[in-house]
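In structure tokens, one chain follows: the form predicted alone.
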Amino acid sequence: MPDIVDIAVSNDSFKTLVAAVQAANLVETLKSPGPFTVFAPTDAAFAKLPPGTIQTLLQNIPQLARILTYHVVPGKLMQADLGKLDSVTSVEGSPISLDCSSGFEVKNATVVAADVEADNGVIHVIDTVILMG
């Protein structure tokens, strides 16, 4: 089974995410055994950010890495697992609120594809980049 990075690389909807993970030097981390739960923003999600945000982040690698690790949770948590929780703590260290009462929401993002299994965890595809705070 492919790992989280391999799945992202093979999907045309994650070009921005893959470029950001590479720029932040997180590829090896996300290829490690994990397991990880990744809330993966699509290219359309990154496109919703204010103009210039992505370029600014690519020039500020520590901030980019912080935002990307906010989208990762230790452990393999399927939608059924997350539905029992109000929040989870990201690898970055901040809480991420969850709402599965009517759909599947992660902070301010809607999960558009859940439970994409990888060798080292699971991916939940989201329609908005989630930010701390």
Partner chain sequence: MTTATSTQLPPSTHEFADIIHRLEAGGSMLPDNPENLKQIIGIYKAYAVPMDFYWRDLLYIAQEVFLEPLDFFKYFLPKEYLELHNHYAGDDADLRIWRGEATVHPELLAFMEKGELNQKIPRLFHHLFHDRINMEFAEACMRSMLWHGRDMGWGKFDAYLDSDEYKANADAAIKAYFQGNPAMLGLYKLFPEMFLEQVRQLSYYSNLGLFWEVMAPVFFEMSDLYDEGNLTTVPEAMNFLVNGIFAIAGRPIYHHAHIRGKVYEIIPKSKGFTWLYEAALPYVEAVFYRTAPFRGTKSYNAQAKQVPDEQKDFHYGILYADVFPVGTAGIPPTLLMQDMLHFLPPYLVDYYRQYCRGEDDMLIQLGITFQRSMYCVTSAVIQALRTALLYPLDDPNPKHLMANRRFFESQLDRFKRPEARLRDIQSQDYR
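Numbering follows the first chain given and starts at 1. Values in this document were obtained by computation on a predicted structure and should not be read as measured data.
Unshown form predicted together with its partner chain; subsequent notes refer to it.
Exercise. Hey, in the predicted bound form, does D81 get a heavy atom within 4.5 angstroms of its partner chain?
Worked result: So D81 does not count as contacting its partner chain.
For this session: Tell me, yes or no, whether P51 is in contact with its partner chain in the predicted bound form, where a contact means a heavy atom of each within 4.5 Å.
Result: Residue-level check for P51: yes, a contact with its partner chain.
Exercise. If you check in the predicted bound form, is L57 within 4.5 Å of its partner chain, heavy atoms only?
Worked result: Residue-level check for L57: yes, a contact with its partner chain.
For this session: Decide whether P33 counts as a contact residue for its partner chain in the predicted bound form under a heavy atom distance cut-off of 4.5 Å.
Result: Residue-level check for P33: no, no contact with its partner chain.
Exercise. Of these, 63-71, 39-47, 24-32, 81-89, which stretch puts a heavy atom within 4.5 angstroms of its partner chain in the predicted bound form?
Worked result: That would be 63-71.
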